[in-house]
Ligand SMILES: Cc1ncc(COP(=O)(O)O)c(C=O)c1O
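As a starting point, one isolated chain is supplied in structure tokens, in the form predicted alone.
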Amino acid sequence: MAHAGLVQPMGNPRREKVAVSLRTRVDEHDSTVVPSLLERHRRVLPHWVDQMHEEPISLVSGDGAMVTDADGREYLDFFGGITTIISGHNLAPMVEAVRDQIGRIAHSSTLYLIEPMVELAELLVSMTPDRHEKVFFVNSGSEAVDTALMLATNHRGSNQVISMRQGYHGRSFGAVAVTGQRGYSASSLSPLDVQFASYGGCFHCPFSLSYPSCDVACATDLRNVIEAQTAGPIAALIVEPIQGVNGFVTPPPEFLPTIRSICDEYDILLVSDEVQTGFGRTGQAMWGIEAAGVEADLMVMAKGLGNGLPIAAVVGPADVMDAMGAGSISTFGGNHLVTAGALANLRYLIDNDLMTNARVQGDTMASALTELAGRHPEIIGEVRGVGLMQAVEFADPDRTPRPDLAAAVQEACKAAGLLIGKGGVHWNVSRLAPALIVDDAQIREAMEILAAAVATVAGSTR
């Protein structure tokens, strides 16, 4: 007899769901057809969790700039988990550090002292401008953006924030509020009062001007936004030094310095979103904004920080970083495991001067892409980027976006063993961002594959 206090399991919807799921699996005595991984993915994950290719692949291992899928096929990885793999897959010092740390203790939360977290914070402070004194660790770029905005609005006593059109800052509530792409703006609700200013993308100049005779109107128009669309003190302006999701849109050299001077004029904190540009990926400086000769008030970093581990950080001056009116913690941010791995990653990156390799290999890639654009002006509108952030924008001669061509090139590259990304508001931009350990032979092979793919696609459009 069942205990009087227990609910009988018969008719339990949860158990029935589990039973159905189990019946779809095959054991050695059952000939039931097993659903594919993609079918299982679609069954249990939201429809808005995108997949990269027409026939999605499952990557199961990697080494350096190479990855292998579940069918054993190897690819040159020139997207690195959306610019995340910065020091290469299966980085031996990271593997050793994580294995050692998890064998001792993986987690305790920030309610306890964590030596690798303090050590990593000390390293980041040494890598950022002198007045940046404190660090707070979280789990993702979205969460880091939210934290930076919370700190800035608390410090300034204002919920007004300015962001950039076509920018992308993440999926969380605050990060979506400052994202300037409709395709990623899942909600119009916001904890912030946000206004959007023009970004310095010359190929799609919002003022239909030409650089340099334009006098960088995209930057100076920020004053008009401030004067016409805001009221009272403004807490912060957040900007990507190079717009990542928008297709590595790279502003003219005067853009960020002009933005900085206007922020100073109106006493606005400048927040640099270094999630994709950080840790030397541009080949010019450790930080994207540093490459422009500009110092940010707050810096947000993720992706390359952990080389695949879920870790992100906000770095800034003590007075801003301490601007929290209540106590707080981070359960997972900065735990033993991820900080030990991130330390090993950054030490490898610095000790091996991967930033220089990013500059050298980036120059090789940029030269090849410029030559490619010269051969196909009828479908390539612009090539752009810095270091190992390079992009090809597909457009008709009148600059009409061609997302179909970008998609076709991506599929042709995959078929030939090269993985690249896509981006842009219209998804018409190919993005190439290999790990900073990529070598000359791999760059040249990737450029040959891309050139063949573009030639094939161009031929089919004639």
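The first residue of the shown sequence is 1; numbering continues from there. This one's a predicted model, so the numbers in the text were calculated from it and none came from an experiment.
Absent from the display: the form predicted in complex with this ligand. The rest refers to it.
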Contact flag, residue 287 vs this ligand in the model of the complex, heavy atom cut 4.5 Å:
no
Taking 4.5 angstroms as the cut-off for heavy atoms, does residue 132 touch this ligand in the model of the complex?
no
My question is simply whether residue 166 lines the interface with this ligand in the model of the complex - judged by any non-hydrogen atom within 4.5 Å.
no
Tell me, yes or no, whether residue 140 is in contact with this ligand in the model of the complex, where a contact means a heavy atom of each within 4.5 Å.
yes
The listed residue (313, 320, 245, 263) that reaches within 4.5 Å of this ligand in the model of the complex by any heavy atom is 245
Which listed residue (381, 333, 306, 170) meets the criterion of a heavy atom within 4.5 Å of this ligand in the model of the complex?
170
Stretch in contact, per heavy atom within 4.5 angstroms of this ligand in the model of the complex, of 353-361, 221-229, 206-214, 269-277
269-277
